[in-house]
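Structure 1 and structure 2, given next as structure tokens, are two forms of the same protein chain, each shown alone.
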Structure 1
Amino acid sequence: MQNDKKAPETQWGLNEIISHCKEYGFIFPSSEIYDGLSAVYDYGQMGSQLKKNLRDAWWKSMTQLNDNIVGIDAAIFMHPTTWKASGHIDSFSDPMIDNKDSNKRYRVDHLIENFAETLKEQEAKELLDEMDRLLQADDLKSLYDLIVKYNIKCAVSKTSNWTEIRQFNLMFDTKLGSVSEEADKIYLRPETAQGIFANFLNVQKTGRLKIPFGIAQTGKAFRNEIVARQFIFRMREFEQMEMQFFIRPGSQMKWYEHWKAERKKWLEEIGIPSNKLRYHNHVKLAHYADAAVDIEFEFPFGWKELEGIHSRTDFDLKQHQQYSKKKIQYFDNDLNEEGKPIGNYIPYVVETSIGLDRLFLTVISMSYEEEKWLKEDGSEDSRVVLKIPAKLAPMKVAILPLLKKDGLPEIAKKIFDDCKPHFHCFYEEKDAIGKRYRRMDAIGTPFCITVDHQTKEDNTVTIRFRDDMKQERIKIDELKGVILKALQ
């Protein structure tokens, strides 16, 4: 039995989360038997289910609970002119620099930002302001001079022996066709949004949709990041969940504020603590945007972007109209304030965009705990637990016979078969019950059902609650109802 007086919690950070995710089947390094592939990861049996639960929760909140948002699933490959229209071919790049002694490559803004953290506040601000000005002006020569001026050094070689700064396009390209010499260059999409814009007319006309309406999509995107880091926070292959909301010109600020509030509210509703979330307004906007904000989460490595809300004006549809030579407009039958028909226009767009992998890392980060406490006899006990919200947990309930004999496994398997059509269940009869509880804590299973000898007498089982480890006796025929109610 746990004593209420807990010993101090163990300090932990990202390394502990990475180790835990691998040990318990959440995330593995991709191609690990071949020593892995940098910044590419595989989701294991527990991770893939948690990821699906997060995706399903987002999809339901967008397409099922909103009567004016529909979903699509556009192809990863798109006509290459798509990326000319979107601006990715010409401007989707980061300035990079290499250290000649260590051969380590840096994104220039990351290199300067990390150095700025070592300076006093005012000096750091002056450096970062100058960096932002030069980045905006695309002045690579002056950026190089800035690095030299501050004698910024490589973290590995401790030298400032730098190459010139050059632009590095982040898109992966490949060939479409059976013979490479005759094939056309195409790209792996760096974002999912363009598939929505390219299908605007198809969706609007076939769905007979009236503005305002949204189109949602989830799917893989690919970016050849110069420096991918912080586990699954920044990867080269990742999954996005985006919704483009099409509106009348002039109404964008109303809808921008609406989705800004709605998205933070949803993150809190799925269990993310409000004190771990904050807004960060963009000071410098993209040329096509008139407002942008990030919802940041406090990860173990600091406050970082989780979701972005952007007012993109009519840039996207206007660009695709120009490059495709197809009219992409909406005919609005309503009347304006003067009582005149509104007519044709190119809709404006408010975008919500969240990385599924970042949301996964958010949930793991907020759920991971290392607990220690003193038992009644004065000895110390401990556990590692993932306090994942029950409705998101990969396994909802574990069915555990106390012993592998006396008919207990048969009763437990009958309960397992009755429950598994309703929620994901885990069955285990190996090891002492305490060890099995600890394994279930470590994968985040919110409920453990123990079948013991009393079960044979009165048809009751012990239900153990993960978060506080309390136990109750309940009747077997009440089990499904209790769990389903807790998962709502």
Structure 2
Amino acid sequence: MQNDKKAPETQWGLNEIISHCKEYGFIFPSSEIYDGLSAVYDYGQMGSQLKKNLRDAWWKSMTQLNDNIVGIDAAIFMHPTTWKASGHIDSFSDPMIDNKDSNKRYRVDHLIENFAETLKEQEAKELLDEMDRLLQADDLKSLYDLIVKYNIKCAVSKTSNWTEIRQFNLMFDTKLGSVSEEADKIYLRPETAQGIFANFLNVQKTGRLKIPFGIAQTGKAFRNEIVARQFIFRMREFEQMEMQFFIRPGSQMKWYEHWKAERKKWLEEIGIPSNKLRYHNHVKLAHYADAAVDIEFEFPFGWKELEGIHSRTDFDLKQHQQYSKKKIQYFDNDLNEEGKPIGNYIPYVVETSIGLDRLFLTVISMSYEEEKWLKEDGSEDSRVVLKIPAKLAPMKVAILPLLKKDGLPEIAKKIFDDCKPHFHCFYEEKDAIGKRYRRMDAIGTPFCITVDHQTKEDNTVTIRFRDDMKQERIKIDELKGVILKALQ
């Protein structure tokens, strides 16, 4: 492949990524045969494997590589009092405003932020600072006045005929059993964290864990997002990977800084370029936090939150102690300065929380490339390639006989059978080899193995590398070892 004379790079954005994900079996709109369901998506044959690889990488880094973190898998449904105690029934809401002409509903911060993008830098900063101040003070009336003052209009009706601002709770509810009475109302969890808090004593006691220690969990969460947009960035059903780290009161800033650094380091270790990650301190703190920071990624639509690190104090355990009327405390038998055991306390918590779907979008966004180059004869060639880090790629190797005859498929199938217990392999014999390479590039397969006539003579095959399209000859005997080394 001659890609030394590169033509100018094409620009691509979220739309290209959405189409690509659908065309190659990564993500489909949910129940598409019925025209889909807003902000709900299904992962296809490639997507579910990539998602699993991301989940496994996170789980391993948390529970296997940290000897003081254990994993659990709590139920989605929890006793409804959980959400009263956690504050979600009273406070888990977003300020919304409706345009009376278009009936379109906006999250107030999104409406103002989008408008700020049309202003000069200084003016935008002043507006956003004022918005942050009012959001923090929960001053809905002044937020409304701000929208009126700047004459912010609805994108659909182009009018500024607004309702007053109201708070909307984001939790989905349903009924337990067959009786539809208020008493049986339960919620689909809006975060996985509460399953960890509710099990704090179970896990601490049965695991005989000593503070500091962590409990990790991955699982589905549900939020009735009013403005669900940007593909899998903001969904109504999504998956979280959360870890609550239980610590001594007073040590929270030390651990907050520790996890802030550790989580960014991990994101870089799995292959996210460091210049595409940054910290963003929260201005408006959630009802449970005394410090909070986002790790943001530069998505095709701008810098947005990928992961949150929150210092949650003893808020959650204290609330569950109060509402359950069960003592949720830890006895610390380490000695204090006076040589006596520190004794009982409610632990403080530092939480790390990342959306698996958002991490998926991050990996696809950073890997997607449209490449064009001029061949030696002057004609243009092109490909779409997903340069997914090999460790995370859904399919590791494609095994391709050059022709469908002369005994080449038999040799290729033997290699396939030999490799498949060790890593995900793909076998294909249909179409010209160039076309097959392109299909493997599009799903991000890092290695293609081609069996040709020379293979019959000297037991070698070509190995083609996805990223630079270079090819080398390699002995069949060495193949497995070379690939396993690259996947380490």
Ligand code: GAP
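Note that this is a predicted model, so its numbers are computed, not measured. Numbering runs along the sequence of structure 1, starting at 1. We call the rigid core the largest set of C-alpha positions that still match within 1.5 Å between the two forms.
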query: Here are two forms of the same chain; which is the form predicted together with this ligand?
result: 2
message: At a 2 Å cut-off on C-alpha positions, does residue 199 qualify as shifted between the two structures after fitting the rigid core?
response: no
message: Is residue 251 displaced by at least 2 Å at its C-alpha between the two structures when the rigid core is overlaid?
response: no
message: So the chain behaves as two rigid parts; what rotation angle in ° separates the smaller part's two orientations between the two structures?
response: 9
statement: Using a rigid core superposition, the C-alpha offset of residue 287 between the two structures in Å is 4.0
field: Cα displacement of residue 125 between the two structures, core-superposed (Å)
entry: 3.4
